[in-house]
Ligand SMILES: Cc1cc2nc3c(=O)[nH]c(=O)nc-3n(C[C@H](O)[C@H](O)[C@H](O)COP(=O)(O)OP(=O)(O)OC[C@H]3O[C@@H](n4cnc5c(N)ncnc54)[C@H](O)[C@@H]3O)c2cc1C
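Given next, in structure tokens, is a single chain: the form predicted alone.
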């Protein structure tokens, strides 16, 4: 049996004795339906490669959809500003032009190399998807919010006025809001809620914020205008509630132990996330700082398996959405010679050639 890709329907006999035909084998399976994963699907379509995408979440978009759909993003080329939800909608529309298979609420648990350059992608549903290559676009994996004290917030939820993400900005309109955190998400939501909240305070344990410089500058300007109370360097100490368990305020303290009480009915905790790559860590991949090491062609140490976006690590990597888009293009460009031995991937200028026949 030839170890090459055939355009005709051909039977392959696996080590197990199972017989599969070439029409059961897709060209590229993308693990993760976040921005980098969706753009990988589009890039595959441009190269006329059949594609499927598998994601453990019930909707596409990754963190953008799950954590901050209303957050405004400013550093995506071509968009002076765009909400996370709108960006995901446009990426999904772009990918859908090529009719990819989309499997949601399904977690990939194993990727195994078989005979005939075939990869078996097994999921938690017991499904086995056959593919000629795999592109891992899993972002930071599963994520849970970091809390100053998990025990303190056990049992708290949005019904109590406690939030770890902003999915609906209207819930903060006219409210007294305190934000805990000093990174990009915290500062971005200071800017996003300054005109919505009745009062707004941000508490950070350092004087310096870890967010983008221009965002911090805007926040400082809002503070000078009296629209935001910037409280540093203070740490969270306790939360106050009413008889119904609803948040009514927080107490914070400085390094000397001096306390400050802040009244609020919306407490937004944005201290980052703990990530869990799940079964991916068992796939014999090389890791570096919780990310998969890749070569310049975005291929991992496993032939036919590539990684893109935040989960991919290489020298001088910058974790931005736009970088994930570039990773996706490079990965697909280098998938083609692997899935079609003897054929080089041609660089495609869609402005000149347009999209392949059959796309929507």
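Numbering follows the first chain given and starts at 1. Since we're looking at a predicted model, the values are computed, not measured.
Form predicted in complex with this ligand: not shown, discussed below.
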Practice task
Sort through 229-237, 99-107, 127-135, 194-202 and report the only stretch with a non-hydrogen atom within 4.5 Å of this ligand in the predicted complex.
Solution key: 99-107
Problem - residue 293 within 4.5 Å of this ligand in the predicted complex, heavy atoms - result: no
Handout entry: residue 141 within 4.5 Å of this ligand in the predicted complex, heavy atoms
Key = yes
Handout entry: Contact of residue 42 with this ligand in the predicted complex (heavy atom, 4.5 Å)
Key = no
Handout entry: Distance check, residue 36 to this ligand in the predicted complex, heavy atom within 4.5 Å
Key = yes
Fill in the blank from the handout: Answer key: of 26, 46, 321, 326, within 4.5 Å of this ligand in the predicted complex (heavy atoms) is 321
Exercise for the section: Select from the listed residues 75, 168, 242, 284 the one whose heavy atoms reach within 4.5 Å of this ligand in the predicted complex. Expected result: 75
Fill in the blank from the handout: Near this ligand in the predicted complex, with a heavy atom at 4.5 Å or closer, the residues from 260-275 are none
Fill in the blank from the handout: Quick read on residue 65 and residue 273 CA atoms in the predicted complex, 3 Å or more from the shown distance, and they're closer
Practice task
Tell me whether residue 317 and residue 273 end up closer or farther apart in the predicted complex, going by their C-alpha atoms; the shift is 3 Å or more.
Solution key: farther
